[in-house]
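As structure tokens, one chain now follows by itself in the form predicted alone.
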């Protein structure tokens, strides 16, 4: 499925809830991430209709996001429905890892193939300061169990914030030294109040790379992969860098997003979204709308243009 700029769009990121059991600084500071009772979430059947239509158009990969996907009680049914869609060959999940340890076996049985885990500190006090909870031990146990159960490659995502957790960079490197996982650093994006007001606290990945000459670049066979990976001699895992601010990957972006209230969002750094809820019982209309929305996908994000997002990150999906 090509957009107007010739990019092949084959990756759909699906949010299943904006509810979350954390209160991370950079996501939605000061209030818990909870759904409004009047807020209509898409059902497992709805997701099935949308993913089947998207697969007919060329979508091959699906990532399940939130909020926190594992707080949704029917998450295993949602995964099972999606995994049954012909043409979908990769189903991953982004999670904060709080409930991962006890969920790994059911996730794999439902059809999940791999998992990404948000991990912004390896220090218990700092983890609590960033996330609002004292659950670091649970997250680390979940990561280890995901590796054991084969939800691989397991990837950790760390948003570095100057003066808050950037002193832990070498500690994160240590995870890749000791475990077979991808440890990834993501530059703080101006999405939501915290990101918009703290552009001066961005930790640029180029500085980390320059400070670690032991990093050896890994050739990627996938030009649409936003992370650039490195190995270090003697490490079991890899180090990855996602740099949406300092090194935009818009020219090879292959993804669109679906919010949990039924809006197609073609670009994270753009406020355009298209409501498809009224088309769920109109297969041809749904296909035409998704196709048109993909075709009109913006050429690039607006992060360099003092972008102000109309949604907070938990309302979009990570």
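Numbering follows the first chain given and starts at 1. Remember, it's a predicted structure, so these values are computed and weren't measured experimentally.
Beyond what is shown, the protein has a form predicted together with a small molecule; the following relates to that form.
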Legend entry - Stretch in contact, per heavy atom within 4.5 angstroms of the small molecule in the predicted complex, of 102-110, 213-221, 141-149, 68-76: 68-76
Legend entry - Triple contact flag 53, 88 and 291 to the small molecule in the predicted complex, non-hydrogen atom at 4.5 angstroms: no
Legend entry - in the predicted complex, residue 249 touching the small molecule (heavy atom, 4.5 Å): no
Legend entry - Proximity of residue 157 to the small molecule in the predicted complex, heavy atoms at 4.5 Å: yes
Inset, instruction - Using a 4.5 Å heavy atom cut-off, state whether residue 95 contacts the small molecule in the predicted complex. - result: yes
Inset, instruction - Determine whether any heavy atom of residue 191 comes within 4.5 Å of a heavy atom of the small molecule in the predicted complex, and answer yes or no. - result: yes
Legend entry - The unique member of 27, 260, 253, 59 whose heavy atoms fall within 4.5 Å of the small molecule in the predicted complex: 27
Inset, instruction - State the residue from 198, 121, 243, 118 whose non-hydrogen atoms include one within 4.5 Å of the small molecule in the predicted complex. - result: 118
